[in-house]
Every structure is written in C-alpha cells, then in structure tokens.
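Only one chain is given next, in structure tokens, and it is the form predicted on its own.
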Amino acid sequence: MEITLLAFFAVGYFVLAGADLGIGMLLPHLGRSCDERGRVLASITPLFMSNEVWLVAAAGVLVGAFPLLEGELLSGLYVPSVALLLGWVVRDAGIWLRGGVDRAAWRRGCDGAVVAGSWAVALSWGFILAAMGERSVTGSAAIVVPAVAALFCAHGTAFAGLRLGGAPKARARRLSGASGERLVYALTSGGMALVCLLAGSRLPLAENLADPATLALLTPALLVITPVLVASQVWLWRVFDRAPIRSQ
C-alpha cells in the first residue's frame, strides 16, 4: 500500500507540475511580449502551488515509510537535490513577484527567473531520475537528462495549447503538432507517468519499509488525506478552467 501511495503522489506531481515547468522553460517562445508572457504565466498561476503539493505528499511518504532509503537518496544525490530546491525557489519567486512592481525591467527579470528556475528543476529531475537505483549520478545521465527535459517541454506546450488563446496558443501548436492538444497532452501525461514509474521501479522500496508500528500510524492517515487532496485538486481545476486568463 505504501509503495502504491508513493507512486500515486509522484506520478500526480510529474503530470500536473510537469506542465507548469514546461511552460516556464519555453516562456520566451510562447510569449514574445511582456503582456503575452504575463498571460502565459497567468495560465499556471492559480494551479502551480496546488500541483506542487503532490511533491510534498510524495516526499512525506518517502520520509515516513522509507526513512533509510530517503537518507541514502539524499546523501547520494545531494548536488542535484540542492539544485532542484534552488530552482524551485527561484521559479516560484519569479511568478509571485512579477506583478509586484510595475516596471518592464522588473518583469523581464522575473521572467528570466521563471525560465532559469524551470530549467534548473527539469534538468535536476533528469539527473535524479537517471540515478535512481544507483543512488548517484552515472553516465546514463547524458541520455536521460536531455530526454526528460524534452518531455517537460512537450508536456508544457500541450498544456499551453489547452489553456491559452491567440498567438501564444498558435506558437504552442507549432510544437505540439496538428494532432490536437488533448491527444498530445494525454500522450505526454502518459510519458511523464511512465518515466516516473520506470525510475521508481529501480528503487529497493519493499526492502526499506519502516517498522510495522510506524506504518500502522502512517498508512491510515495517508488513506484519509489522499481523497481530500484529489477532491481539492479537481475542484481547483473546475473553478479556474472557466476563469478568463488575464496578464499578470
């Protein structure tokens, strides 16, 4: 049950927040003017914090149900983990602070922070996913890292095609192709889930479970929290899917 819950939260994070990161990585392409970039960022602003909750939930399961493995992973992947956290903070700061000062230079700086932070997070995930199983960065990262970054970009453009209108939507369609945004988004979501599950399958999860007393407290709590998290995510998507997107 604990392995299933960890996989559920991790896949939820990669599918939902992966689109936000992809949009941030391609922000200069999707939005050519300051106003367009504001509209592109406004398409993810109401959702990105709730999407990140899935990563917090996955980390909580890893720490609580697999404490020894969590320690080994963090010590072996210290550099990409720190780079991921720094990129996460820079990206979120760029999104939150962009509308705080009404100056073009300030907004360009915040846009740059979003792009740099998004790339840092995506590339860090590439290194971490490549190292799953070995618990240290290996030569396979040369293939896995660019492939994971390309998947984040494709997922982001598919989501941008669904959420945006006008010129940014047309630019997103150039990358997502003429197959239709919904089909491309479904395919890239499947790709994100597959990459996450393949990397996780290399971890010795069953051999590193916490003691039965800990799991007896943790697992029921997770089973209560999970439906609440899913319901709140569905509610947010339904509310903001109907709201107009205005430049921030």
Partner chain sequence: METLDLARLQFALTAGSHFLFVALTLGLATLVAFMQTRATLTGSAVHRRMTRFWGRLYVINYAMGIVTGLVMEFQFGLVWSGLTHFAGNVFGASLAMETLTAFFVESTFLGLWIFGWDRLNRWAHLGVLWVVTLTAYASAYWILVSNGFLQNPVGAEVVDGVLRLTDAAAVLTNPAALTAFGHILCGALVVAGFFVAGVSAHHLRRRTEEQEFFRRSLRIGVFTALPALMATAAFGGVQFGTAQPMKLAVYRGAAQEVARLQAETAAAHGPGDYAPPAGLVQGSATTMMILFALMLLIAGLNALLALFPWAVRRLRIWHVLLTAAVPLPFAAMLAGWVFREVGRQPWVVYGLLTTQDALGELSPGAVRFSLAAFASLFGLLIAVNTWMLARSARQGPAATETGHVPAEPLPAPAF
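Nothing here was measured: the structure is a model prediction, and the numbers come from that model. Residue numbers count along the first chain shown, from 1.
The form predicted in complex with the partner chain is left out here; the points below concern that form.
Which one of V184, L26, V61, C196 is close to the partner chain in the predicted complex, taking close to mean a heavy atom within 4.5 Å? Here the answer is residue option V61.
Contact flag, A150 vs the partner chain in the predicted complex, heavy atom cut 4.5 Å: No, no contact at 4.5 Å.
Examine G112 and determine whether its closest non-hydrogen atom to the partner chain in the predicted complex is within 4.5 angstroms. Outside the cut-off, so no.
Is there a heavy atom of S189 no more than 4.5 Å from a heavy atom of the partner chain in the predicted complex? No, no contact at 4.5 Å.
Hey, in the predicted complex, does I143 get a heavy atom within 4.5 angstroms of the partner chain? No, I143 sits far enough from the partner chain in the predicted complex that none of its heavy atoms falls within 4.5 Å.
Would the partner chain be touched by all three of F9, M49 and L236 in the predicted complex, meaning a heavy atom each within 4.5 Å? Result yes, every residue of the spot touches the partner chain.
Given a 4.5 Å distance limit between heavy atoms, list every residue of 181-220 close to the partner chain in the predicted complex, or none if there are none. In sequence order, A210, D211, A213, T214, L217, L218 come within 4.5 Å of the partner.
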